[in-house]
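Single chain ahead, by itself, as structure tokens, in the form predicted on its own.
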């Protein structure tokens, strides 16, 4: 029995070493698995990932469209102005946009729909990540639909003002004399709801990645505001907190579209007023290196 003791010790040592080696390999495999999934899953900007789309990490990557073939390039046509004209044009454009204000008193006077078509086409010239054009503009003219949108927004906005936003946010808005009552959603002849598409679809039905979709659509919204100012219409930028899912369902938009902004559009009412706000001077917003 004493003769077997060294043998048993040796066997036990071998078994213990074998167990630890296998445990190490298992740990290494677990560490590598997320890395592999991250490499094969379509590109996502972590800073801009929509929290409603976290389930995408578990989707089969075969559902996603592979990169398309290279696009043909053509000659670029450009208009170059003399420097004096450049200065004049830049000053005139600044003066035009400097008159832009957020107007909450909008007339019910009808506006030409061709103008709305043109300003939305203008917004659609915005740059986008990999030219995915991840925007949908929903134009609402029907009075009943507008009123239902108002009901949804006012219901959520009252909760926002009373509970969700907090006292500091409500106090900051007090000087603007704004609250959860949104009469302009009824009176404005047109509402434009801008949705971002968190992904798209190819002709074969496979999903297409929409890179930087929120930034791309935000740029389009900025161009739209400039286009509306250019034709003499007014609006107020609204981002209805907690209203997006209900409005998406009500307007029968697909689940991959998320509401980014709502613009009531029209002429200002005769009694319209705006806060006497001042914009920051150039030396407070410009840094030259």
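None of the values given here were measured: they were computed from a predicted structure. Residue numbers count along the first chain shown, from 1.
Form predicted in complex with a small molecule: not shown, discussed below.
The stretch that touches the small molecule in the predicted complex, counting heavy atoms within 4.5 Å, is 95-103, out of 119-127, 95-103, 69-77, 196-204. Across the proposed site, 140, 187 and 251 without exception lack any heavy atom within 4.5 Å of the small molecule in the predicted complex.
Residue in contact with the small molecule in the predicted complex (any heavy atom within 4.5 Å), chosen from 178, 132, 136, 107: 178. Contact between residue 280 and the small molecule in the predicted complex is not found at the 4.5 Å heavy atom cutoff. Using a 4.5 angstroms limit between non-hydrogen atoms, residue 236 touches the small molecule in the predicted complex.
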